[in-house]
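Starting off, we have a lone chain in the form predicted alone, written out as structure tokens.
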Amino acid sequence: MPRVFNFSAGPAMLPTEVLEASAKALLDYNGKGFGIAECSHRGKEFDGVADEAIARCKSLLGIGDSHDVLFLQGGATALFTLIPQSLGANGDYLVSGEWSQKAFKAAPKGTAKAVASSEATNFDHCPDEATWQLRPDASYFHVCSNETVHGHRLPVWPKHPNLVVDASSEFLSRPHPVADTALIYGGAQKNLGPAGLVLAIVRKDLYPRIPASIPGIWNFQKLAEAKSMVNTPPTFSIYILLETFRWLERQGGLAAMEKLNAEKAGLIYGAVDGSGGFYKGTVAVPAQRSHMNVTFRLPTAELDDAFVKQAEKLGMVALKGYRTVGGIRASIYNAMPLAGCQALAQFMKDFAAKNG
């Protein structure tokens, strides 16, 4: 059966080349007679995978010795609790959508602070930087760089001496200013690989802040020293991540991906803007429109449903908006080919012509 264009927000589609290489390695890794998921995480085979994954991640992002690359578990949600426990209770939070709000709610009450929020307008934008009430003594400044549910992003990451970024839904979709960031983290299931793995990049000078009470399995420094193997890591997920890094390099790296992703997003936003009002984007500030999650509405909920069903018949699936907001959401992560966005844009024009 031919593969469809899967616009799911996560777990999301993976590059076909990555799936094919991973499937081969799952059955037989480098002619060893066993698969990569069957070997010990203490053995030389997986040790080589981990070393290569760390090296390729650092190369793609231009990371020097100032930061460690960690492979964690528990989803990005686990980091919502772990970050304030590790770095200090009085963090500042930019609350711009579903996920940054969840991160703030998981932070210690009374000490963590929301420096700005767009909740009053249903998170239709990220608050303007001029409105942020940052504290000079805050432990860190936490932002979500791309709000998956509401379809907007920070076009430029803010400057802050201790910036913490939940980059789950845009990780490695464009170059990131890692050198200016204290900690970046994200669930793998959008741009990087399968669910069950978190990629985190931690600046080493944060380690002295970590209380002795943090268990080794959650201690960033101890995890780095053990190459993320304090316990048995999700070995096959890490292998797929490695194949994704290899694939990104073959595409020309992150600058090339950023250019392609902008082109892909432009096709769909062009169909929205050129529909004469039939489609209405949900993001109030056009410059903040996400290049990963394109959100819009049709004139009625009934048309939303018809749009989703007809698109599915044409091989375009998972376009229904998030359950709490409705509408349409097209998630076009790195693995979504240009052809998928071209097909969706054409379908949008045809659907509007028939139903407008």
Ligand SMILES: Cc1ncc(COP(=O)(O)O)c(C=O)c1O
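Numbers for residues come from their place in the sequence shown, where the first is 1. In this text the structure is predicted, and so the values were computed from the model without any measurement.
The next section is about a form of this same protein that is not shown, the form predicted together with this ligand.
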property: Contact test in the predicted complex: F80 vs this ligand, heavy atoms, 4.5 Å; result: yes
property: 4.5 Å heavy atom contact, K190 to this ligand in the predicted complex; result: yes
property: This ligand contact in the predicted complex: S86, any heavy atom under 4.5 Å; result: no
property: V165, heavy atom within 4.5 angstroms of this ligand in the predicted complex; result: no
property: Segment that reaches this ligand in the predicted complex - one of 105-113, 145-153, 218-226, 132-140, heavy atoms within 4.5 Å; result: 145-153
property: Contacting member of W99, Y93, F71, Y279, with respect to this ligand in the predicted complex [4.5 Å, heavy atom]; result: W99
property: The single option of G75, P127, G266, G253 touching this ligand in the predicted complex, heavy atom within 4.5 Å; result: G75
